[in-house]
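Shown here is one chain on its own, the form predicted on its own, set out as structure tokens.
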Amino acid sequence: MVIVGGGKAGARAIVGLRGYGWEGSITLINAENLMPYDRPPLSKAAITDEAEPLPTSLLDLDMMTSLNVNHMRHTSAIDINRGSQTITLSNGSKVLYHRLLLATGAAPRKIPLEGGERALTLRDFADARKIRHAFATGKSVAIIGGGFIGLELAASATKYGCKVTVIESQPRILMRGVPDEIAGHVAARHASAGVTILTEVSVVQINPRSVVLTDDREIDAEILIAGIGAAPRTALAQKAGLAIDNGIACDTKMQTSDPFIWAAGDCCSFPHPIFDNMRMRLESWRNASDQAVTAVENMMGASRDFTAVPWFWSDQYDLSLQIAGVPGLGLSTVRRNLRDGAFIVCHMDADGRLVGASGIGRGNTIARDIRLLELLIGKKARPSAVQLSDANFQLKGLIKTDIAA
């Protein structure tokens, strides 16, 4: 068994293979010179903690040794010969595979303007350290992109006393899958921390210490950060002739167009059985883990569909935001007000089916209800608006009932 990619999906696959009884060899090809580590802390703790950060290991050296993994660090896979089932590495050596898992992740998108190369991006531990050391009291920070990464970095920058401006080309921040009322709540919290959010404007010129916008305003930018999304890393798969469709194209079992190759995580797209086989690509920590589990089972000879409900979270300041399902499929919403100002927006399709839930609150105030709503989404449930809007109604009671059509 060979795994390309040392992130969450790759690490989870290793544990899964041994857990499901694979006794043969496991080789991990990892382009970084580190043990597999967790990425969610990179935009938060790795930047804001007082102590110099260390990677949050998913598998340390002792664990890799006990799992008997051949860990090829600081090495990239540059070619796959599907006929001979051989991988060529950047050091010129070759590795044979019986089954192959591609967990190559995604790469931050670059700013396509002259001077765009000075913009920092965040994807790995080295990026986080670079941003951490750049932040300092009084520094002007311009962040292009009002998505989750950009906003998490904005929140982190305020802890250093930076002057932060977020520049978003869309009418509001968090346009992808987050309802207006939650986005407005997040924007207000950033404003209270001193962050300036500019919407419906784009950068047209990058200067050494500033950027110029489409409305001719010039914004101070001693530190420039690009948070404009990520592109799936598909070059290796594409070179090997695998099908590509907004990522490495997989079926419901996370198998690629080659019967001996699977993919998991940010690098791949797949049809989701719970959402009428709509093809999607998910960039989230838990998705990478869940897909790796499904891929490993099928690499071991099972035939299991990937049916986990999408789930994502973001921590900004004292707020926790969680999203379950695919809110963008909803045509109507029901609001569920919880304690301490927390609330959840439930998203329903044309048939009244629950397809998404978006919540925001302090601490763990939304966690339990979001988890129950996630289970209901997985059941293709159609709870009533009265049940969803009443915070005293116990959603747990619906889990065991047959409320799906």
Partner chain sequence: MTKWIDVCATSDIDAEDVMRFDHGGQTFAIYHSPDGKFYATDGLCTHEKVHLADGLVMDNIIECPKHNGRFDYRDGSAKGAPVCVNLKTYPVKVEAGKIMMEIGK
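Positions refer to the first chain, counted from 1. Because the structure is predicted, anything quoted here is derived from the model rather than measured.
Keep in mind that the form predicted in complex with the partner chain is missing from the display, and what follows is about it.
- Highlighted residues His185, Arg335 and Met348: none comes within 4.5 Å of the partner chain in the model of the complex, counting any heavy atom.
- When contacts are judged by a 4.5 Å heavy atom cut-off, Trp311 counts as touching the partner chain in the model of the complex.
- Interface residue remark: Asp315 is counted as part of the site for the partner chain in the model of the complex, having a heavy atom within 4.5 Å.
- Looking at Ala367, you'd find a heavy atom of it within 4.5 angstroms of the partner chain in the model of the complex.
- At least one heavy atom of Arg286 is located within 4.5 Å of the partner chain in the model of the complex.
- Of the stretches 24-32, 370-378, 349-357, 65-73, only 370-378 has residues with a heavy atom within 4.5 Å of the partner chain in the model of the complex.
- In the model of the complex, just one residue of 324-339 lies within 4.5 Å of the partner chain by at least one heavy atom: Arg339.
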